[in-house]
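What follows is a single chain, given as structure tokens, in the form predicted alone.
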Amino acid sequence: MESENRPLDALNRARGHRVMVELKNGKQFMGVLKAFDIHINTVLENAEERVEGEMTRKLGTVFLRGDTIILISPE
């Protein structure tokens, strides 16, 4: 049971669902979590960029570099 409480397990449960990713520069991306690796490099599909909560553009599939991510939250 303890092995299911690791941080990457939470991301695995979110795979295939919409998430919000916030970056160090203040931008946010909403999209479906498709993939990630141990560095938290992340791929989102149907992604939208948001600045201060306002959608600024639709991007489709995006790759977000893990060292720029502050948080990932299920929608």
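Every value quoted in this text rests on a predicted model; they were computed, and no experiment measured them. In case it trips you up, residue 1 is the first one in the sequence shown, and so on.
The next section is about a form of this same protein that is not shown, the form predicted together with a further copy of the same chain.
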Against a further copy of the same chain in the predicted complex, would residue 55 count as a contact residue? Criterion: heavy atoms within 4.5 Å. no
a further copy of the same chain contact in the predicted complex: residue 41, any heavy atom under 4.5 Å: yes
query: Is there a non-hydrogen atom of residue 23 within 4.5 angstroms of a non-hydrogen atom of a further copy of the same chain in the predicted complex?
result: yes
*Are any of the heavy atoms in residue 18 no more than 4.5 Å from a heavy atom of a further copy of the same chain in the predicted complex?*
no
Taking a further copy of the same chain in the predicted complex and a 4.5 Å non-hydrogen atom cutoff, the residues of 55 to 75 making contact are 57, 59, 61, 62, 63, 64, 65, 66, 67, 68, 69, 70, 71, 72, 73, 74
